[in-house]
Each structure stands twice: as C-alpha cells, then as structure tokens.
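To begin, one chain is listed below as structure tokens, in the form predicted alone.
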Amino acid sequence: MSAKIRLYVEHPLGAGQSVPLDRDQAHYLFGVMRLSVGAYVALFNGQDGEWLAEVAEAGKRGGTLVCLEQTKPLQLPPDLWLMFAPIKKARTDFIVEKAAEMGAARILPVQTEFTNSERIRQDRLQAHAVEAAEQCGGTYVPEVADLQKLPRLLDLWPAERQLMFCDEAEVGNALQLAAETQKVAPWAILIGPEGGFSEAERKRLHALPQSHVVSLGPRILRADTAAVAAMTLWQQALGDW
C-alpha cells in the first residue's frame, strides 16, 4: 500500500481515526486527482507524523478518510527562524516556500525602513508553506507570522536566540558562520530588503549581543537568493544537514 498524494489536514491523526474533508479538499482529491473510495492518501497535520489513509467516502462537497498506519514519525526542524523583508509578491512566495522546504521552524516577515511592501497576506503565505511541506515530504509546517516592524522585534529579542545577520555592506569580506558557535542554541536568520538596511538599523544589529555578522559572498544577492544562500550556510554549519 502506498499513496502518491500527500495532504495537510487540521485534524488529529491516529490508527482508525476518521478524517473529514472540506469542500476544497474533496474537490482536489475527487474532482482534480480523480480518486475514489478505496484509494490511498498520505496525511499529515504537523503534529502526528505522516499517516497512510484510505478513502472511505467520496463526494463533490466532502468526504471521509480513515487512517490505517503511520508511515513517518514527526520530524521537527531545527529551532530556526527566517526573518525577511517582503518583496514583490511572487518572490515573497518563493522565500516562504523555500524556507519551509529547507527547514525553518518559523517564518517572520519584517518591515524595515526600506521595505518595499507595507502589508502581506499572511493566510496566503501560510498556504504556500503548507503546499511546500506537502510537496517536499515534510511532516512539519512552519508558522508564517504576520508582518512585524523590525525595531519592535529587536526590542523583544529573546536573550538565548542567536542571530545570523546577513549584512550586504560586508559583501566581499570573509565573514563566515563558525561551526562551533552555539550549535545547540535557538537561532534566527535576518535577510534585508532590496534597498538594504538603513545605517541606524545596521548599527543596532551590529550592537546586538546575539548578532553574528555574515557575508554571503563577493556579490550582492537578490533578497530571495540571499534567503536560500543563508539557510544553506546555516544548515551546513549548525543545522540538521
């Protein structure tokens, strides 16, 4: 028994557990993917791992799946936040998708002095994180927080959380993340806006005791590229890769 389709559900999962489907889920499984009673679907909810489920009822407006057996345990990512300044819609979507795929535990859009976008659709970005987890085989979905102003976030910064500050002003300098630095501590990565950080923001970030300034190479990267590059560097040095 195997399932080719993975589906995120907001419902407890366990042996013999019935899982109701809403209209959109039923349309996707039975209208788009053409599944019928007896077909198998892999389910996950971000808490109970992945479960093989069988279609027990199939309708145009709903349906029911029944959990058979667990196929994967819950795999939690490292305690890593990705903080980034929102950019154009499609590229912000890309950042959220890649952060979910690459193992961010939480995704925090931040508003800086030079942020191009002053609002986001949190629910839409959360849906992108869910889709990324469905497609990459993950069993955990990171929370996408609502847009927060960077100064307020720094005012409330947790004392134990280290910060990988990707400063575009350091392009070309050999500033790397030391593999021995606080390996078991919670971390965050901060990617700036396309206009860069202001001098006041850069000064405050450099002064933060938990801040570790890192260069992402000899060239200035686009924000979406920088997010992937920074997560790759962190995962290789301190993460679960």
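Don't overthink the numbering: it's just position in the shown sequence, from 1. Everything quoted here is computed from the prediction, not taken from an experiment.
The same protein also exists as the form predicted in complex with another copy of the chain; that form is not shown, yet it is the one meant from here on.
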Do heavy atoms from each of Glu97, Pro218 and Asp224 fall within 4.5 Å of another copy of the chain in the predicted bound form? yes
Contact with another copy of the chain in the predicted bound form for Arg121, defined as at least one heavy atom pair within 4.5 Å: yes or no? no
Check Thr232 for me: does it contact another copy of the chain in the predicted bound form (non-hydrogen atoms, 4.5 angstroms)? yes
Classify Gln135 as contacting or not contacting another copy of the chain in the predicted bound form by the rule of any non-hydrogen atom within 4.5 angstroms, answering yes or no. yes
is_contact(Lys149, another copy of the chain) in the predicted bound form, heavy atom dist at most 4.5 Å: no
Okay, which stretch from 59 to 67, 43 to 51, 26 to 34, 209 to 217 lines another copy of the chain in the predicted bound form, with non-hydrogen atoms inside 4.5 Å? 209 to 217
